[in-house]
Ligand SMILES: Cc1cc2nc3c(=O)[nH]c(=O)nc-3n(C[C@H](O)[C@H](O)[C@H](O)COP(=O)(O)OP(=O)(O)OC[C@H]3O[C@@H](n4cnc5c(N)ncnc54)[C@H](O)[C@@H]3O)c2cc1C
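Single chain ahead, by itself, as structure tokens, in the form predicted on its own.
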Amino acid sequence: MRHSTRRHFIELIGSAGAVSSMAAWPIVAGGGQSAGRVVIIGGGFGGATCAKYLRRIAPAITVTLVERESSFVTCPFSNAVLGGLYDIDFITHHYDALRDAHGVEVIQDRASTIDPAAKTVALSAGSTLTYDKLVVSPGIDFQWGAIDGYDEAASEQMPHAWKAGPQTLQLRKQLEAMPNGGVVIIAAPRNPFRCPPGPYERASMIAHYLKQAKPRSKILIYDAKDTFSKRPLFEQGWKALYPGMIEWIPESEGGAIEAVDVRSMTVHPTFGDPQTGDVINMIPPQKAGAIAQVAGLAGDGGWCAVDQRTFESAVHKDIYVIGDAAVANPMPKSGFAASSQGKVCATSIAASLSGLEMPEPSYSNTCYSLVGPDYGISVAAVYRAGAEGIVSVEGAGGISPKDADTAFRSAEASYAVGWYQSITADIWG
């Protein structure tokens, strides 16, 4: 097989527009010369990005995406659905463009087992796929039973809504049905978990709805931590928009929930009095998605160790893990981070299948949060590959200023919508 030169690879990728404005790193491509079969499990932010960019930068590679659902409902902006700003269709994305415009083979099925030695993936419908490289991007699963009384059945009454879709709609219906003057409880887990600012944006968006429809209501955030992402910015926003409506209870003050009683709709903290709620949003501890557990890719902590330069598994050669399931500290478990990792992973695989050295990667993350419809806050960071893994680039990125004026907050809220529309169009459009 004839290989392109490294310089030609990088020039080709630049002309193809594969270098994202969100992560300016060089990408290698096979120029149509590299070949191989790549199977990707999971069609979320990480897996779908990896599938699209592999096809763009190395068109000779056959890419098969295995996804159990016919569409993907994003956790980003699901809190805005709870707040009544958007409906579920706004956050639902399909795979038609990946299939029709980018040549990705999309199989709607569940990956049941992986055989790393034979390089095969067995699907629940009975077929088997072979691969040269495998990407596992399964997102999260929950540690059912970590909170006494809270299992999958209990989540129908106390929804987690941390996998967007039916649970999002269930939680919204409960908010609509609760009385004016009722109590909403949100239980936030210890780190690490998907979307660190998510529980606090959720409290904000629920407060926005309640302020209009049920203004005598109260939101209690029981937190298994003593601080949280963007805390000063959230608390400033709560004071400005929802005075007296949101109360945050840290771990040191009895915020960690150790048990729940579904029948009485009560939560029991590790110390202090039990609390009854009209609506209880339990966000349990998390771990890498099921297929990562079955395949032995996850360690004792429940997450998957990887070579953070390439995202190849630390356990099995030629298997890569990206997105929420991967250990990629200091990158958070976020949609933007997963997409950034998907591009780096696509680069790594294209380089490997083309017989070229992986160029030095960089990574990025941007996280917008809506405190109100016209009140946005954000944090951004850039990362590089250091000697021992991913490290933050000092001086790059930043966080919203604490005492910004209303025009600034309104602009950031608009940027949040623009960011969401841009990234989802880039991945699934």
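None of the values given here were measured: they were computed from a predicted structure. Start at 1 with the first residue shown and count on from there.
One more form of this protein, predicted in complex with the ligand, exists but is not displayed; see below.
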item	value
Contact label in the predicted bound form: residue 234 to the ligand, heavy atom within 4.5 Å	no
Proximity of residue 368 to the ligand in the predicted bound form, heavy atoms at 4.5 Å	yes
is_contact(residue 374, the ligand) in the predicted bound form, heavy atom dist at most 4.5 Å	no
Interface membership of residue 109, the ligand in the predicted bound form, 4.5 Å heavy atom rule	yes
Option touching the ligand, based on a heavy atom within 4.5 Å in the predicted bound form, out of 139, 284, 83, 159	139
The unique member of 189, 277, 335, 255 whose heavy atoms fall within 4.5 Å of the ligand in the predicted bound form	335
Option from 56-64, 41-49, 384-392, 399-407 whose residues, in the predicted bound form, bring a heavy atom within 4.5 Å of the ligand	41-49
Heavy atom contacts to the ligand in the predicted bound form at 4.5 Å, residues of 167-183 in sequence order	none
